[in-house]
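Next up: a single chain in structure tokens, the form predicted alone.
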């Protein structure tokens, strides 16, 4: 029983970080209707920003979100204007935008590999190797701090969506893009800001990745499969679904890791993605598509 509770603690703390990673991806899909395959690549890029800020400036990786989030937000606005603004309202063109994000991921990976080489890196703040001791249990400080910060960011995101005019416009656009435009919502501007917010969330996730995991330019391909499994399980476009999917799959993965080793742990996410697409393609909280 003690071991099971310990595994549960580890799984839940990582699940909070996974929820932050998946939130930007599912938010962009909910508003724009595209799967951003470059999301994980932007996360890795943000992890490099956090890494060099830590090595060069001594900036704590968690504190580096004050740098990575604004930088990635601006990058998101620019990327949207360059690649999505003229195509997002055309259903025929929107269907191929996922290929644009795939190409974008390749470009980011190649650029990072050219400048920084494909070697593993990670920041090493003191708390990354320390833990809180609670009787027979322990709680890694790095995972605890990252989960706490992730909860604060997700709480701020929820409050923005719930209580601000931009949040009302985002929710209206997510529910029905055409109807929102009819009642006066500037869906193009909303989409631009949502893409920027999604990239800012990727920036915050990159700061967490920089000390929780080792990373290199090609690491994003492993992350994008995990993120897709999280958002598909919860329901594409559902933030609550992404949270449920992140926590549940993270806990299951932790138990698989304990029983069969770290090699089999990622298989949990791939099998979940395969199973949910076969059994319930809309996910737990997603809407069933209408014919």
Partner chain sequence: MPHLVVKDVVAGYGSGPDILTGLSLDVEEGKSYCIVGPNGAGKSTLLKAICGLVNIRNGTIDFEGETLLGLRADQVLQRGICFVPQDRSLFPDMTVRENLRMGGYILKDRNEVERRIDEVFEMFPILKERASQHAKTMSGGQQQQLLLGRALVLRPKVVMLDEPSLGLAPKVSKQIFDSMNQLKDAGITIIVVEQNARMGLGYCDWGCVLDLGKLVFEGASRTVLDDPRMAELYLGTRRTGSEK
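For clarity, every value in this text was computed on a predicted model and none was experimentally measured. Residue numbers count along the first chain shown, from 1.
Quick note: we don't show the form predicted together with the partner chain, though the next part is all about it.
- Checking 146 to 154, 206 to 214, 175 to 183, 132 to 140 against the partner chain in the predicted bound form, the stretch whose residues place heavy atoms within 4.5 Å of it is 175 to 183.
- Comment: the partner chain is not present in this chain, but in the predicted bound form one of 221, 120, 163, 114 has a heavy atom within 4.5 Å of it, namely 163.
- The partner is absent here; in the predicted bound form, the one residue of 105, 169, 200, 192 having a heavy atom within 4.5 Å of the partner chain is 169.
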